[in-house]
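One chain is shown next in structure tokens, namely the form predicted alone.
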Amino acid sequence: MSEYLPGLAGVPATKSNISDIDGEKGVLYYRGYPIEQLAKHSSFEETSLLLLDGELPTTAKLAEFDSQLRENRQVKYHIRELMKALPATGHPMEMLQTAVASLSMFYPGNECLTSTEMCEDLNYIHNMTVKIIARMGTIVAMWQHLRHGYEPPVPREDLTYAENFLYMLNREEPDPLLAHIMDVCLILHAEHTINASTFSALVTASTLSSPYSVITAAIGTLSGPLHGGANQRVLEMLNDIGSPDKAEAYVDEKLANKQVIWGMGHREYKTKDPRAIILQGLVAELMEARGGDVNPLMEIALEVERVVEDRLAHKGVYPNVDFYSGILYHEMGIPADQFTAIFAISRTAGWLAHWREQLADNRIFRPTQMYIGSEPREFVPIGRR
């Protein structure tokens, strides 16, 4: 192919059987299962194992995987001390990238990747996967306390992944509904084909770099506002708008200036993101449980969605996953700058599933370019320029 396509739009970069999207119909599948069914019937632990192994696990396999995750939640005190040395004003995604990158120094185990031969040790791959997924939630929750000068709580093995994360974040056992909502959010964000951060993970994996480096690269990519960082920007946007009656003028001004309306539109979907539909329903469920009062930000969001649909539906621009996730996390009492870090906790399952798939048939990524620079020319000494 000699045609230049900005952003590699529509260019197949790999083959995968992990997830699939039908953008015209607004459908997302994990290993062939619709996201709606997984959100309703599964758990983050079960969905993670589905993504990793390819099939829904038996009761025994799920119990073993869940037990392994619980047993690996703690991190060495060295990690905690390293995090204490980071600036308290640092963004959680910057902290997360630093902490995950350091894990390989404290938890060695990359022997499988020291040669040019592809790693075929599935036990090694599984064990590394368990350790990384288990510790992601711990690290993100620890930062919430460390950046304020307090020691973080110790992870608990008697709680589910979602329950333990909320417990560590707030120092108290979560309300069952909040734990359920967090579990569903983790499922929804766990995988989404070859997006920017997953592509970063694949490129890094193809060099046989360590899985810690693979996840570190993906975290850096996810942190950008055009990817995972958009959910925080959505909340800031809604606060800037201030009230539903100002939404129309805000949207029209942004469109007139060709500026981004955060949380709107997706490269793949030409209709409303199926994850956004589920998240919107979770916001409604939480509001109903709290007496039916509508979050003011939700009222603004609904009006923004209405206006955008009126103006841009013909172009296939609808809410994406980031549009309602920020409102939901805000209503759960989670700081806005932690939104994308929670995204990373979840997406680690998908990144590692792609890491495993890449190793199974590895070839280093080496795309070409179209050179548009100067023709060959002679060097001119500095005194003659």
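What we label the rigid core is the largest C-alpha set whose atoms superpose within 1.5 Å from one form to the other. We number the residues from 1 along the sequence you see. Small disclaimer: the values here were computed from a predicted structure and weren't measured.
Just so it is clear, the following notes concern the form predicted together with another copy of the chain, a form of the same protein that is not shown.
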Thinking of another copy of the chain in the model of the complex, which stretch from 313-321, 345-353, 331-339, 27-35 has heavy atoms inside 4.5 Å of it? 27-35
Is another copy of the chain in the model of the complex near all of Ser67, Asn164 and Tyr167, within 4.5 Å of a heavy atom of each? no
At 4.5 Å between heavy atoms, is Leu56 in contact with another copy of the chain in the model of the complex? yes
Given that the partner is absent here, does Phe199 sit within 4.5 Å of another copy of the chain in the model of the complex, heavy atoms only? yes
When the contact criterion is heavy atoms within 4.5 Å, does Gln232 count as touching another copy of the chain in the model of the complex? no
Any chance Thr207 has a heavy atom within 4.5 Å of another copy of the chain in the model of the complex? yes
Taking only heavy atoms into account, state which residues of 12-35 are within 4.5 Å of another copy of the chain in the model of the complex, ordered by sequence. Pro12, Ala13, Thr14, Lys15, Ser16, Asn17, Ile18, Ser19, Asp20, Tyr29, Arg31, Gly32, Tyr33, Pro34
When you overlay the rigid core, is the Cα of Lys15 off by 2 Å or more between this form and the one not shown? no
Once the core is aligned, does Ile372 move its Cα by at least 2 Å between this form and the one not shown? yes
Could you check, with the core superposed, whether the Cα atom of Asn320 shifts 2 Å or more between this form and the one not shown? yes
